[in-house]
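The data below hold one chain only, encoded as structure tokens and taken in the form predicted alone.
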């Protein structure tokens, strides 16, 4: 039986933009596991109530429902040890947790501050109302104010991702010569921006840009072929 992944969708159902869901999609492709991706929207909480919480990603694997991208990655690694590893051993799992925490506390908040108004604009009307209320409470101001003058935020963002830059300038991937879950964590933040917004975060000469291109080409272009609301 194929695995089933509840995957955040925009108004255009084919646009799947959640960074946390993209981590899982890349991990499943890495493990060469077939999956049915089920579109889900912010206001469809009841559809995933069986998982005991109200956020995606949710992976259904047989009788198990696993929520949270980190928990799902650990499940895939433990349940499918015969498939290519997502972590380079126990120490690699710990290192990936550090990358996760860095990405969620540094990279994703910085990106959100530049594209949050664009995300709002690609949603259904019901999701727009939910998104605006919840995110304006989070930011403490209107979404349009948060994203205003975003070009001025780029230098600080480029400085913040310097650890990534020097890493992928030295090696093709964060994982070294081949990608691991750490790569999927950080790539998915850039994929989120790429699918939601026409605002370019990276300069063409940046080593991070070249790394993102390598990531887009993995698994027969899974990331590159994904429909974009910004197209």
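Positions refer to the first chain, counted from 1. Please read all numbers here as calculations on a predicted model, not as lab measurements.
There is another form of the same protein, the form predicted together with a further copy of the same chain; it is not shown, and what comes next is about it.
This chain is displayed without a further copy of the same chain, yet in the predicted complex the stretch 104-112 from 141-149, 104-112, 117-125, 76-84 comes within 4.5 Å of it by heavy atoms.
Put simply, of 67, 27, 174, 48 only one has a heavy atom within 4.5 Å of a further copy of the same chain in the predicted complex, and it is 174. Looking at residue 39, you'd find every heavy atom of it more than 4.5 angstroms from a further copy of the same chain in the predicted complex. Shown alone here, residue 191 lies farther than 4.5 Å from a further copy of the same chain in the predicted complex, counting heavy atoms only. Within this chain, residue 201 is remote from the site of a further copy of the same chain in the predicted complex, having no heavy atom within 4.5 Å. Not displayed here, a further copy of the same chain is approached by residue 99 to within 4.5 Å at the level of heavy atoms in the predicted complex.
In the predicted complex, the residues of 148-184 lying within 4.5 Å of a further copy of the same chain by at least one heavy atom are, in order, 162, 163, 164, 166, 167, 170, 171, 174, 175, 176, 180, 182.
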